[in-house]
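Take a look at this one chain, the form predicted alone, written out in structure tokens.
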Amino acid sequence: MTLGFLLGSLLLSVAVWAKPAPEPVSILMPAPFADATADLVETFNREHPGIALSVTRGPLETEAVSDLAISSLLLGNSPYDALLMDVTWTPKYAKAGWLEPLEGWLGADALDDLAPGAELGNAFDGHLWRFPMVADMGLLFWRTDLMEAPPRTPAELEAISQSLQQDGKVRWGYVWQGRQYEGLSCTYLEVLRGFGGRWLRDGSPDLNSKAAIAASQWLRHLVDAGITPPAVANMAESEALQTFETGDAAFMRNWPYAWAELNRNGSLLAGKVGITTMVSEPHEPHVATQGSWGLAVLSSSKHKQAAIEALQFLTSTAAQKQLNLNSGYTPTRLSVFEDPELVRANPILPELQAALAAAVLRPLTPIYAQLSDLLYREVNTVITGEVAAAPAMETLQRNSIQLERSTGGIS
């Protein structure tokens, strides 16, 4: 063996040994988003050879993903550098010190390209904690083959539903999320605002007001009138969609993801569905519960710069456009909403943008999960007929105030 050969082998070994390994970055996402971003992650790793981005595929349910994230954070050795977070998590996670403020990394103009409504819920206590990757808002789906225009008031929704039911065109008028879980809180918030009420007024619960009682009473009335099936008390998004997509209902409350499902090849309702915002009493605004998902970097991450690069890539114009074209997710950037190619491929985008502009946040508080738990449990008892609306809302108000006092306040 020659000296030159040995020297060459040694130099090659040193070169291989000296090459730094890619910096690892791990993001926890709910299962649907982990699946939808798989191609983007692959592209990112190809274009950023110095970073090895991986996504942990979390559970399907929002609360289960949060539980997984919190359990790792409480142990103090979270394997994640970033999280894809529901908008309601921000205050709790920020207050706990788990999140890295983003304004120093992204700049003061980071939110300038966001569409109206998408900018809500990303900041808390004077800092930017998350950047929205996809928008989500509650929508009223309606059958364009059964009516010329959607209802604008609760009375119109009832009248159209009962007319179609009497004519034998649908079995049910309206399906929505009435189970004891977060979906009911989102549904109730839209109805509450439509009746002129507020979940919080001047920073405190306002759930025994005339509007709050009327809102829960109306949901029960829909069941009593036969417009909504009694089984709504156990319906989540998937059950409501299943009833609607089989042609059994004229209206459905759901999220934008349902549009792609309803218009897939072979769907009974392809080309027969429109969207709008929730009905409201005259002179009250039509609103949609804001439910966006955004990326946040953990303060405990040892790879913050690399995590920021991944965040910027996954929330970029190109990424949002791909997520819309391939998976039907609603963008958050104004420039994506206005992309001519995207509008041609997805003509419903302007209506989604209008609904996003009408979005309202659930209470922005670290104790939101507890407040919501109180609300959906009590409102569900009204829907089932177990408790009348007025006493149920009095109980909810009393329990919400007690929670506020025991935790030191809502803000």
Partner chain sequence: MLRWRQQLWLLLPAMGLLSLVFLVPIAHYLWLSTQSQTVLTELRPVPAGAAQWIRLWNDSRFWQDAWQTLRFAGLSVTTEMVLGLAIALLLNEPLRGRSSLRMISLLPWALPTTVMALGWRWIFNDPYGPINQALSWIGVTPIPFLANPAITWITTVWADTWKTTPFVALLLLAGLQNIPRDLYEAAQLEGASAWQSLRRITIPLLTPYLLIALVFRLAQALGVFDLVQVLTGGGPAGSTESLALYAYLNAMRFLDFGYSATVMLGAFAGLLLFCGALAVLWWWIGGRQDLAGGQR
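Numbering follows the first chain given and starts at 1. Computed from a prediction, not measured in an experiment: that's the story for all the values here.
The same protein also exists as the form predicted in complex with its partner chain; that form is not shown, yet it is the one meant from here on.
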Among Ala369, Ala357, Ala345, Ala31, which has any heavy atom within 4.5 Å of its partner chain in the predicted bound form?
Ala369
Please pick, from Arg198, Lys321, Arg143, Lys92, the one residue with any non-hydrogen atom lying within 4.5 angstroms of its partner chain in the predicted bound form.
Lys92
Does Trp98 reach its partner chain in the predicted bound form if we count a contact as any heavy atom within 4.5 Å?
yes
Consider Ile70 of the chain shown here, and say whether it contacts its partner chain in the predicted bound form, taking contact as heavy atoms within 4.5 Å.
yes
Is the gap between Thr384 and its partner chain in the predicted bound form 4.5 Å or less for some heavy atom pair?
yes
In the predicted bound form, does Thr37 have a heavy atom within 4.5 Å of its partner chain?
no
Assert contact_stretch over 335-343, 227-235, 108-116, 190-198 against its partner chain in the predicted bound form, heavy atom within 4.5 Å, equals 227-235
Just give me the residues of 155-187, first to last, that have a heavy atom within 4.5 Å of its partner chain in the predicted bound form.
Arg171, Arg179, Gln180
